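Below you will find one chain, with nothing else, as structure tokens; this is the form predicted alone, and questions on how it binds or moves follow later.
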């Protein structure tokens, strides 16, 4: 009976904290269970997708449970924004890292001794790095209730952002006995989860793994054709909205950012080769909405917390599906619709092999990850289902309504085996000595000088696909590579060769029964791109003009307070205001995402705009 009463009290306290400080009246999947594990003093490992509300899992219990919650984060550049958001919500929080001046460190240390904070954000180096002993001595006197390790996949050598210093965090139990440890991440396969639990030394942890699917994201994949045209198309679909464009090399980043700017879309570069001041300045400009498009290498990683990124473009394939999930997941963190476009070619995978080999990382594991990424890019089926099942989820929905396949933008070949054998035969008949462009010319019946001079216009495969475009044929070739029917050599001038599996299909048309091929369906000139179901639903009843006015007020307020706009309100909250049009403080407090502190602080300013818009 007593346990049931305590559970009910705890549940009520969490409900009250959620509404008072964050303006929410319901929990997202697994949030309550994650919070209750902390309040019960249990260790835990929590895996929730980006945008799934991981931070709230440790922030809300920190308000409810007595003592100090220490949050370990590798994101020094983001700690201030996270603390500003908490303080803006009325939660006493602070950070302690190398970005503080001596006077600021002294002030925070005094606040810790006086018990003024409920959350403290620190870097792993501050806790376990050289010279950390004095800081740990300070924490020993602070009644630390629990430690939350954010981005916990960094502890695993099997993760995609491995950081060796994370492996020393298990030592904290010796200095702070009796605390519980909580690990949080957005992307972790079963192998990585096991490694996290082992390396942190978690004791009988509560393991909570949410669904990896992000239904608000619209996934599209395009074989690389005219890259600049393909990028301009997606930028035009999101005019005035925030986006990230990922490139494989620094040179591509610089060139693409400069070109976009000349085309009328201001864009800034971000990569590890830039000076610290320029790199952090460009990131800050993006976070604070002084520029909406950033072009980056994967160095532009976990430090991105802008919630209203409406598109992410990969102008080249990532090195693994884990990387793709993490990078594309920076879109739509506010739960609203966003587009994720992957533009890929065979050259991308060759570049990664060269880079991995030069870094001494080209092993069987990384080769397998590249192969899986290529298979995703060339797959013909629901993208959401593919990604969910890769991470071990069961996907039961009949069509996602939010990918190129389910939106009928792909046209499956009615005879994939026949088509594959025509292409494989052509590769064989040109002697397995030419690349995809030449093979495409032969199949299309294009009598170029190179084709004619080699007599390839007399081959039986010349002109077998007269109606197909170069991009279409190259797309089929990419898909055959993913099925391991064709291979591209690693030579300076890459050529296509048949694999044993490809030779078998030429000899026996029944040897590859699961083969499926598709082309991009040509869009009608009078039609815009199809919208996802989430996109349609999220705008229902929203006064778009009012939403834009509220965005302007948010930006103005953020600049006055020197914080990123998402610290004021997320886009989802502004859309809710533009849908409900509250006309009083009580009604304003009822808007999802408006807590009591923000209603008192910002209510009249936003209510005035809503009233004036109604006149």
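Positions refer to the first chain, counted from 1. Values in this document were obtained by computation on a predicted structure and should not be read as measured data.
Beyond what is shown, the protein has a form predicted together with a small molecule; the following relates to that form.
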### Query
Where, among 555-563, 64-72, 577-585, 44-52, do residues come within 4.5 Å of the small molecule in the predicted complex by heavy atom distance?
44-52
### Query
Though only this chain appears here, would residue 27 touch the small molecule in the predicted complex if you measure heavy atom gaps against 4.5 Å?
yes
### Query
Taking 4.5 angstroms as the cut-off for heavy atoms, does residue 589 touch the small molecule in the predicted complex?
no
### Query
Should residue 570 be counted as a contact of the small molecule in the predicted complex, where contact means heavy atoms within 4.5 Å?
yes
### Message
I'd like to know if residue 333 sits close to the small molecule in the predicted complex, meaning any non-hydrogen atom pair within 4.5 angstroms.
### Response
yes
